[in-house]
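Take a look at this single chain in structure tokens; it is the form predicted on its own.
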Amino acid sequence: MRDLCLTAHRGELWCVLGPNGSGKTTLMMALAGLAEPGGGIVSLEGRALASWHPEELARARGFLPQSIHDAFSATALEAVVIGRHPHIARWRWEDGSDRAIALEALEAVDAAELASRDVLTLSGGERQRVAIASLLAQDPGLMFLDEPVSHLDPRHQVQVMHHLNALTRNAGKTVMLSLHDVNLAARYASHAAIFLPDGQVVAGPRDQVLTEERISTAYQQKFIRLKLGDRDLFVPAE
């Protein structure tokens, strides 16, 4: 990627789009401080990421990878409570309030009934919702999610996107997630970043970035824009 200047503010939901291998994961990991950028500066609240103490940074930002690999048995509730660890003082165990927050996070992704299930027995979509709940329980002001809805059925895709959108609008969170579904981005994002074949990343307000021409160029597939009520739909032309 090149020539990227991106500033995300509280209350914004950013969707990052582009074909496989274009650099979406690399970008988000660099912005989250989990990978060294090839150049330039990444800062959070006016401070370089390198100046943040790890525990302090974990309370300020969270990152959900594309996939979760469970090496050991644990209940879904235990997996979600892990998200509370940045808020738990050293030498202290999680308490009832942490478990209550974890249960609330499971409810937000329609997974409360999974609380006592072993994560090793969950389907891919169920495990993904539990992973999203763990990030919600962490409750950082800045959330990065790498393809969070890829394994979800349409109902849960909409539910998760609706909840993330509500967090930006009602709780002042900043959310950045990568997607392959252009129409979910068009429906829920306030801002977007899209990778073009020449390595350029165009970023800004959603309606300025998500155009027929840019989406068609990014995916090397012609898209047309259709109106459905007050919504824009982008459909492959052939």
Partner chain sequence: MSRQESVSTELRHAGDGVSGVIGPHVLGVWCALGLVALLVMVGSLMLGSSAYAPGEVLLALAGRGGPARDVVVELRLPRTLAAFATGGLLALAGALMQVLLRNPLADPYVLGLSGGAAAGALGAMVIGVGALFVNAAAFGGAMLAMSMVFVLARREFFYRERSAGLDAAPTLLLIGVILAAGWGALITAVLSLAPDAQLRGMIFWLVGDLNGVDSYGVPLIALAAILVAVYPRARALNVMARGDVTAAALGVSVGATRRLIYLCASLATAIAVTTAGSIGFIGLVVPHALRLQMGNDQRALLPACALAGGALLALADTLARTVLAPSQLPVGVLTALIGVPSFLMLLLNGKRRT
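What you see is a predicted model; the values in this text were computed from it and never measured. Positions refer to the first chain, counted from 1.
Form predicted in complex with the partner chain: not shown, discussed below.
At a distance threshold of 4.5 angstroms between non-hydrogen atoms, E55 is in contact with the partner chain in the model of the complex.
Contact annotation: G204 falls outside 4.5 Å of the partner chain in the model of the complex, judged by heavy atom distances. Put simply, E36 is close to the partner chain in the model of the complex: some heavy atom of it is within 4.5 Å. The partner chain is not drawn, but in the model of the complex it has no heavy atom within 4.5 Å of S123. When contacts are defined as a non-hydrogen atom within 4.5 Å, none of L145, E147 and S178 contacts the partner chain in the model of the complex. Put simply, of V160, L167, L152, V119 only one has a heavy atom within 4.5 Å of the partner chain in the model of the complex, and it is V119. The partner is not shown here, but in the model of the complex the stretch 62 to 78 reaches within 4.5 angstroms of the partner chain through a heavy atom at F63, P65, I68, H69, D70, A71, F72, S73, A74, T75, L77, E78.
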